[in-house]
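First comes one chain, alone, set out as structure tokens in the form predicted alone.
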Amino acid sequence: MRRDYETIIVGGGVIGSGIAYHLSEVQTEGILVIDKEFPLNGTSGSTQGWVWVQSKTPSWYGELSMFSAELYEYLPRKIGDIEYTRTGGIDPFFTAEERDRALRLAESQSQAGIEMHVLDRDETLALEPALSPKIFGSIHSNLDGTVNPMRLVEQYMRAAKKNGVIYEYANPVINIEKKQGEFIVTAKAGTFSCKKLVLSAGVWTCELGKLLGINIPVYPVRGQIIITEPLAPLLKHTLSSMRQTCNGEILIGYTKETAGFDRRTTLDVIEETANFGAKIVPALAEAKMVRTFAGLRVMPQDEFPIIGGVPGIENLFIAALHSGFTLSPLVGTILTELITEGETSIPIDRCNIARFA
């Protein structure tokens, strides 16, 4: 038996659940989220949870990240505690050449209203004493921070369900057709129909697009992460490669690998990551590693978000992007505007999939 909905969202990670929650604030019924596994079993469950603005370029991309970071200030009041902390972010560098690049970046970002400062060694160590005295300086921004990725997705889901959103887990979509103005979504366990369809399944969005004859140019990038034993408070800020959690563990990871859908960790990259961590924060050389894991990040072909409608297919929307945790509140907000009002409060023309035509 077919079940009918107003809107179906395929993909229940941080982007899909973020859209579902924000949409449910306006559209009080008829929303289904369908996921091929459990929503935290994919990318959203294997990330550091940075809310990172300072390095996002060009300036329009940085501006979107800044807007989203501002929304994080209000999100916990709406969906509950997500362990969001605006720690401020520090990106250390080791040479004069890197300082020159940092100065150019700060000048560029200031055009979008992103306030950041290039600090010398002493200024940096005064803010973050755990850093190596061998650094040359750093970029610092108060906009950066962290969020607990597990808790954010769970709170999105909890709030969305409270607003009437239905979730279908472990039910992969195997076919999508559009007939007489409706999308017919066939999954392993059931057939569903809807007037409006959102594809937000991370690295798997590309395969969903093929069902509708659309090229969604995204590919998986593997990131490997180390988790240390819980340590006494060591880091005050989020660094460009690591952060300390509420219970003292430090997550270290900065690699981006093209490895297809292989989620295994590798000894060479873990060793490289551990050495890199100890180079930035010398005290980590004595810390015990308790776990490693790898996650697949979605990466659009030109590395910029794909957000919005699809030319030629009315009521079909796509949200496929890197930095899903940073941009989640903004993507949820603007997709809701687009779905319910047909326009967005900020321009997203640069994010449209039509740029790949």
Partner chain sequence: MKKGGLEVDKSTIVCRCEEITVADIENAVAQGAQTFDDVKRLTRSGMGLCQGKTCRTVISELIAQIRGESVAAIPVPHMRMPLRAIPIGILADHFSGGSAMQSLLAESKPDEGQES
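Not measured: the values here are computed from a predicted model. Numbering follows the first chain given and starts at 1.
Omitted here: the form predicted in complex with the partner chain. The next part is about that form.
- Checking 209-217, 71-79, 172-180, 103-111 against the partner chain in the predicted complex, the stretch whose residues place heavy atoms within 4.5 Å of it is 103-111.
- Taking the partner from elsewhere, every residue among Thr265, Ala287 and Val290 has a non-hydrogen atom within 4.5 angstroms of the partner chain in the predicted complex.
- This chain appears without its partner; in the predicted complex, the one residue of Leu131, Leu119, Val203, Val269 with a heavy atom within 4.5 Å of the partner chain is Val269.
- Met150 is the sole member of Ile184, Ile166, Leu127, Met150 with a non-hydrogen atom within 4.5 Å of the partner chain in the predicted complex.
- When contacts are judged by a 4.5 Å heavy atom cut-off, Thr87 does not count as touching the partner chain in the predicted complex.
- Among heavy atoms of Lys236, none comes within 4.5 Å of the partner chain in the predicted complex.
- In the predicted complex, the partner chain stays beyond 4.5 Å of every heavy atom belonging to Val310.
- Taking the partner from elsewhere, Ser55 is found to have a heavy atom lying within 4.5 Å of the partner chain in the predicted complex.
- Residues of 79-101 lying near the partner chain in the predicted complex, listed in sequence order, are Asp91, Phe93, Glu98, Arg101, the criterion being any heavy atom within 4.5 Å.
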